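Okay, so we've got a single protein chain in two different forms coming up as structure tokens, structure 1 first and structure 2 after it.
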Structure 1
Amino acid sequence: MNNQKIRWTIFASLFAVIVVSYIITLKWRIPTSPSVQKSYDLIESLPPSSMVIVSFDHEASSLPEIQPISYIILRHLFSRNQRVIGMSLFAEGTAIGYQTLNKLAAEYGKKYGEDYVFLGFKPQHISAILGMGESIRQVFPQDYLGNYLAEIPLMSGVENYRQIAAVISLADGDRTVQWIEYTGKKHGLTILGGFTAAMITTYDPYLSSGQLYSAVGGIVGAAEYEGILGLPGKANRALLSQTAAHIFIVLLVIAGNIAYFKRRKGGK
């Protein structure tokens, strides 16, 4: 077998390992990190019908990591009968957030306007965050679908952050920092984060200081959360697929080294 065929055989085998392992769903329990456990405990502790803002502060490029986090957190919120106000601080996250909310709400039989609502996107995100502290309706007179907030049952009696139990920012950048800086201490809001693995260390100082209550980081964090709820999903499959690919590569390295030393020995 020439080098070209060997190369294609390796790539095809790796592809097959990834696909097959992603299709399989295993209920394997992953040790839960303190931050993920803290996120779970907070949502568990909220009284039913608490108002929670879920902000989709990310772009489409980070969906493979952020989507499993958003899915499992929303499943937890809806299973606990919490009311969700969705929004986005990124224009690109607007359609993603709306579709995600509708998909997960349908799983739990939740009705738009009564159990959840999606406000959409506002440019100048810092002004939007600050303005919502005074009046959410002034910043978002209408929701994403063009309905006036005054006519939406869910928003009845919701004026500003005083009626909000927590903010969950799903981010692939620094948008959560603005939530922390402009709403955390000023309005006494509890801020939770869901981040890509590359961003989680950026928020370590905020976690250490308590300004950020807790965080779910990357595929591993989402898989841990799925394990707590007993709902293996996208993160569980992705982590299994990633692990299988790593094992396959390690075995290739070992096989390559064995072949190399055999050929060198034969040459001598």
Structure 2
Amino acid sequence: MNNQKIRWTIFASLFAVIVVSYIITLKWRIPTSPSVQKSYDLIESLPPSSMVIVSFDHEASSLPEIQPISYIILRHLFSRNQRVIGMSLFAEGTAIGYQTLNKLAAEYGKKYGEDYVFLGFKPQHISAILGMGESIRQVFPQDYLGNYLAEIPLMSGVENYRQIAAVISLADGDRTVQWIEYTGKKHGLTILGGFTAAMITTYDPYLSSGQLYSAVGGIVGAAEYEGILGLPGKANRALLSQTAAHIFIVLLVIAGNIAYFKRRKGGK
């Protein structure tokens, strides 16, 4: 078989493994990691009607990974009757954030402007993060729909970070680092992260130092959270495919190594 055919076979086999394992439904218990448990415990411990900022700091390309995290965290927030201020520090995250908030809020019968609001996107994310510490209305005079913040009931009495219980940054890059750097020491904000798996090692040092309160990482993190809440969703289903794909890749690596050493031995 030539290289091209080997490549096609690998792609087709991997696709088949993922599709078949995705169709199969298995009930399994996923052990919870300390960081996901800490995220859950924090939201549980917040008094009802606490103000929580959920920042959609990601692009559309990372939606398959971030969406299960944002869904389960918002479900938890709305089920605990917390008030959510949505925003985005990425242009592409704006429409995604607005749609996600509306969808999840509708599930729990939440009303726009009273239980949640979406402020939209601000360019120059560092200025936005710093500015919100002085006055949220200065940075976002209007919400995503063009309503003035002064006219939105949810925002009455919300001046700056002093009224915010926690910030949840859903990121596929280093935007959460900026939340940590520009609000950590100055405002002492509690910051939770929801990341793609690729970013987990980037945020590990911030987690162990306590600068980042807790994190939910990748599909696994979302599946763990779904497990604690007792709401198995897409992350739970995707985990079997994830496991099957990893096993398949490990087998390919082993097969590749065997083929390489055989060829080298034959050459000698």
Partner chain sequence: MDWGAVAAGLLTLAIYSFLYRDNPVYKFAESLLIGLSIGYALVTFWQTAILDKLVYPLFSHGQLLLIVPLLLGLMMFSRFSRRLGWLSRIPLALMIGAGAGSAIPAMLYERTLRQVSNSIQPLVTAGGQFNFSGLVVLVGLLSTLAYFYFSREHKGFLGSFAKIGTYFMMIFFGATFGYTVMSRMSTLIGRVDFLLTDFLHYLK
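All values derive from a computational prediction rather than experimental measurement. Along the sequence of structure 1, residues get numbers from 1 upward. By rigid core we mean the largest C-alpha set that fits within 1.5 Å across both forms.
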task: Determine, for this pair of isolated chain forms, which one is the form predicted in complex with its partner chain.
output: 2
- prompt: Would you say residue 243 moves its Cα by 2 Å or more between structure 1 and structure 2, aligning on the core?
  reply: yes
Per-residue C-alpha deviation between structure 1 and structure 2 [residue 260; rigid core superposition; Å]: 15.8
statement: Taking the rigid core as reference, the Cα of residue 13 travels between structure 1 and structure 2 a distance in Å of 7.7
